[in-house]
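The same protein chain appears twice below, in two forms, each given on its own as structure tokens and labelled structure 1 and structure 2.
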Structure 1
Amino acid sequence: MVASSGSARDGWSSRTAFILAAIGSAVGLGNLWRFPAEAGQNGGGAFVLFYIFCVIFIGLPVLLSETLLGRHGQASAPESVRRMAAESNALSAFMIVSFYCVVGGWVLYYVYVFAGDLVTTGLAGGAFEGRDRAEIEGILPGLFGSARLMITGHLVFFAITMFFVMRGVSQGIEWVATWLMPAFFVLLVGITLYGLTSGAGMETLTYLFSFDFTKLTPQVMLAAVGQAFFSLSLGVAGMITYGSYAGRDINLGRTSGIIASADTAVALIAGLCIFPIVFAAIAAGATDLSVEGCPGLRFAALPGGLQAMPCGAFIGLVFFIMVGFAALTSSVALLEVPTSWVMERFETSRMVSTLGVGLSAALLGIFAALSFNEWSDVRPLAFVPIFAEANVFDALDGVTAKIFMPLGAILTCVFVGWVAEPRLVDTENGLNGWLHQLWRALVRYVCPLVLIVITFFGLFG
């Protein structure tokens, strides 16, 4: 976790910078790639509704707790609780960044493919003009099948992430968040409107928003909780770290509301963007796609969807560049967590810590990248029923989102709700009256209990 007072502490240059950087951390591949894939694998509407419930009643109170905890520092925390929270959080962030950068590598590969296509097709043409569907559908399997491409993409993305973490938080990443997140948002909305009006709009709306409660199994509930944490950067000290760089003038209650709303909006829009394209591709005879999807769902579907779009090659390129930036603002936040923990724990410089942590996580990520090809048969957690089929990549993803993140959040709730002096966490949360009471009750009772129950039944039920 982070130091409460710090030698080399960096800070946000303004309130807006903090909000945008926190949104930058929250909005990332979790929204654009993981949310549509999880919704597809977990039955659509029921998952989406429960996800929104989790964001409001669990994610939001935990988000406020994390940012509060970060800003106050942990000086007053009993050492044992602090240690436990810090170590489990830093470890999960370490595991997540390792496979996150593998997906970042896919984005880079698509940037490369679309850039090549733009050169051949020109500005006005649709993506991959004149190429047949089989060829376009072959792009993702071609990438997954090549260990060399997967590892190269991963390492390049990791190197870029390390570069920004080495420079410190306010240098550069703030700029990326401030300028590129709004541009990304405009583009996402544009592509979504196009997809909804020109493709399978109704089918998508029905799929994402018709709630069949029989589909709400304990596993789907756990998947939704895990996704809410992943997407809001919670349970791994992501928001504790960013909150620790926040000034006293910031109203954390309001800010948390803004972050959670923006993040959820992007996830829902990403769902509205991706599914029309998937449904349209399936209707057109795509053989390799299903809504249940593979981890590459959106990546597999987009090139085909952009083929018929005017300026598709150009829009595809710009879009994947934007996805890359959204991913980068998140991967930097992820790597920052274990890096700042090592800096504090071993009193090393930022440079040494980034190199040590980054290179080890990059190495772990190589095994995740191999899950799609050379190591596709390796099942590291074969002895755990719900992870029995998971390869290294899925195991890292599943264990962090379904065990570590809920656990990290339970620790945060216990700490903020029960251990920390109320004076420290209550006076500056920016909430008044009943909202404050509600937050307090959620953090002390509802969140920890619900999380324990959902995690237990999701894993063993």
Structure 2
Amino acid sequence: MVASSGSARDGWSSRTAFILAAIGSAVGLGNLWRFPAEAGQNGGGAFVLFYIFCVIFIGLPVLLSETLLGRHGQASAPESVRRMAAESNALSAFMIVSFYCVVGGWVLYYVYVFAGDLVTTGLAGGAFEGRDRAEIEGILPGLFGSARLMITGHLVFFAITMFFVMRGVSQGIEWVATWLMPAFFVLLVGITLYGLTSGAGMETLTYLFSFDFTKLTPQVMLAAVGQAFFSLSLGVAGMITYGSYAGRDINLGRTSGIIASADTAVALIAGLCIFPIVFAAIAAGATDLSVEGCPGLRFAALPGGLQAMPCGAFIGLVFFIMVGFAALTSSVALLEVPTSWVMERFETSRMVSTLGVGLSAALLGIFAALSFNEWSDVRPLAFVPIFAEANVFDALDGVTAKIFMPLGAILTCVFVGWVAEPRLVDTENGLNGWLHQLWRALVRYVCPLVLIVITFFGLFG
């Protein structure tokens, strides 16, 4: 799927651009949506501690392996395993971006809702003044019930994604990363400070960072491993593709550490951003709100929590704009993976490849969007027991998360750890001494074993 960086291949203008783009690929809805919900469902602090452990000893080694595989690309003799990993990941990215942009459409809708509310209530007022809790909670079901709104939001978000992928690496993807990621971080920190000072800050700190080891059950540990894997966007070839555009002057070991650290920091800050607002609303008497649930935590509980807070409409608008930035950087990375694969496999132009892949994925996404309304009873994988009750959206999510993503990561580890020539791999990873030995042991033994366990329990647990 990928080739080594060459003169004929578009690439990053600088190391900073590569880091920002890679962080943008990793940071997305997995951090802002899934992490707080997973922490809420799995006991808070115990989950957070083990999640950080998993990022360091499982996520980071696989992340480095993917970027290394991308830059090293076609330099190794035994290509079969590498190609299997690349093609599995490209298919996974294609399927994920199809339903990921459906969720991106939800974000656009909430930007529209909060913008309208801000006009009505003014800057200083709480969100949705004069509206009862049932009406606020009905926003998301109302969106789900409208095929027109769901499809429109999905297609608009997908069109924006295609626009930037079509512009290429330096003029499109890099522009998104270098402008939107700094803006995202500024907005995230600003809203988090607002939530901690205006909401239940101390309760949130206690919840997220008080480690009750009695809550560290096997189920919580598996959830933490899965979240670390999902949050870093591993197994979808985003890092392989972005690594293929990286120059030889970039130290992949150090850069991977920066990417993993930034991604983890965003996940933790997202918890500090969302939980204070929800906890404060619960303390004020909103007994129908909960810190558990996905997508309810962000799309239902958070808007409800903002109702009782000053500047709630403005904060809600800024929050969903920020989420939109993060979602776009990730959707661009996801679409770039199959687009790059098609470009090199069939020797087509970027425009033709983007249109072909993008329109196909957008069409698949329409079916996913319809699974919340007209097609809610359609079960495309009814013949597979574990997906028998899954609609189109859930089937796409389940197949990629439980099969293709871990499979792609396992194949990457097998290729880097066992197939690729050690001398070539050693010169690429940017590590020395005990760090290099630890990384090689993790990639060879620990990461594949853990990924196999995750896959087994995901399919049969």
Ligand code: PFF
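Numbers follow structure 1, counted from its first residue as 1. Since this is a predicted model, take the numbers as computed values, not measurements. Basically, rigid core = biggest C-alpha set you can superpose within 1.5 Å across the two forms.
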{"query": "Structure that is the form predicted together with the ligand (1 or 2)", "finding": "1"}
{"query": "Gly190: Cα shift of 2 Å or greater between structure 1 and structure 2 (core-aligned)", "finding": "yes"}
{"query": "C-alpha of Val48 off by 2 Å or more between structure 1 and structure 2 on rigid core", "finding": "yes"}
{"query": "C-alpha of Tyr112 off by 2 Å or more between structure 1 and structure 2 on rigid core", "finding": "no"}
{"query": "Between structure 1 and structure 2, how far the Cα of Ala37 shifts once the core is aligned, in Å", "finding": "3.7"}
